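The chain below stands alone, shown as structure tokens; this is the form predicted on its own.
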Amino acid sequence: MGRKILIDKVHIEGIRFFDTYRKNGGYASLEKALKISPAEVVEEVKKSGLRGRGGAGFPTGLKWSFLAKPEGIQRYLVVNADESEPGTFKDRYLMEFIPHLLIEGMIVSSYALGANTAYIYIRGEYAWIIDILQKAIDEAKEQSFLGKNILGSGYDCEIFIHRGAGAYICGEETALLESLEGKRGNPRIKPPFPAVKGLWDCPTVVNNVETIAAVVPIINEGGDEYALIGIGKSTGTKLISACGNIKKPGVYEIDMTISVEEFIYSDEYCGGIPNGRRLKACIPGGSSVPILPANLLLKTAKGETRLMNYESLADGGFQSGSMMGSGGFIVLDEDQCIVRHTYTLARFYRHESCGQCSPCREGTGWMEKILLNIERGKGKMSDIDLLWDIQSKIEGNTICPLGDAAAWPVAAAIRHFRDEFEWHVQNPEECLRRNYGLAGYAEPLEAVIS
């Protein structure tokens, strides 16, 4: 049984509310943090090796240390709860079932950063969670754990919730800040970085929900103890949103020492693939990371067992590896059509592109059209090479990573499953029958795909 430090108390009845949370050790990290200096809190987070759990995996303590501290200028903490990555739902789980863990982590983190105001930028579709979080904030204020002169320490902190309008692009930190300021959610050109010039041109740290929640056990147990969990630079635990063709979809907390095979097939986690089907592929870190075929998913290019951590999943680069990303683990069995799944993702990224950069604005729509043609039996062999060329011209040529997020799934699908794309081109009628159940369709084929 893997160790749990974030969702270990979720099963306790009433843990959503302050009294129960407090009776089960809640806000102990805040009491401990207020007895030491902000710099010492930052140092504990550095020692822990905690990496951003939103996708990039950048060391959290190092990110905090970049925060500019000009005299007399306000600083801000912004929690990115705009969980819009397809396949990812672990932050929702934390906020819905143990909201005080996030609130506690925010107060401790704000204290460490010298920030007196913090914001939760939450996905617009999470309407019911806003009420849960606001209740937790109100409870914390009533008990003097939030607001003015917290626990008599002289430290003040306020937390506010801002509801997004359902734009995936606002998961990018600078687009999020633009939206929080009341503007259109377009990413900013960097530098300057938010740590120097962020919210309202003030120094700002933007961190993911899970990242900030993890600060609580780090302060409770100490950074060195937290660093003992996991392996190498993948310290601590990681929440995984598991879905797709598995028997037990849900949110799991792992310590990043287990293998991908164990995660998929063990009863403790996903429970295997239904109906005796075989594993075909998996997207291990949310829709934006490269898909891996079963042989590379269970083994690295060197033949080693692939583990559920940052380094092992990335082993081999994009030629034979992928990314931990946001932890959105999507499993595909042998009956799934890779071309159809790739088209679905391309359609999503075309829809969510803000249109600010030409390669992304034009390229995502172009890839979507080509993939739709191939998937519906109207593709040409040259379309596969054209897709490869388009994605290569999007990657690395946009202001924010959405362009990369749109390009990587297409590149990986062609790299690992080119034969499937070719089969679609060569067998248009069979393709339609498999994907749309059109066996014995009365109309001529051209009427179906026009």
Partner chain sequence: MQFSENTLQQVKEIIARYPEGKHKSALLPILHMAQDEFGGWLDVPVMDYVASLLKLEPIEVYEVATFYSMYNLKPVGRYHFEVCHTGPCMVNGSDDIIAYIKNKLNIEVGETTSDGMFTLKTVECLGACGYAPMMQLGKFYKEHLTKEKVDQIIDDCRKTASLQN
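Positions refer to the first chain, counted from 1. On a predicted model such as this, the values are computed, not experimentally measured, just so you know.
Keep in mind that the form predicted together with its partner chain is not shown, yet the notes after this line are about it.
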query	finding
Answer option from P99, G87, P194, G325, heavy atom within 4.5 Å of its partner chain in the predicted complex	G87
Among the candidates Y155, F145, F348, Y265, the residue which, in the predicted complex, approaches its partner chain to within 4.5 Å (heavy atoms)	F348
Stretch in contact in the predicted complex with its partner chain, which is absent here, among 211-219, 160-168, 101-109, 147-155 (heavy atoms within 4.5 Å)	160-168
Distance check, N245 to its partner chain in the predicted complex, heavy atom within 4.5 Å	yes
E139 within 4.5 Å of its partner chain in the predicted complex, heavy atoms	no
Interface membership of C282, its partner chain in the predicted complex, 4.5 Å heavy atom rule	no
Proximity of P203 to its partner chain in the predicted complex, heavy atoms at 4.5 Å	no
Residues from 119-146 in contact with its partner chain (non-hydrogen atom within 4.5 Å) in the predicted complex	Y119, Y121, R123, G124, E125, Y126, A127, W128, D131
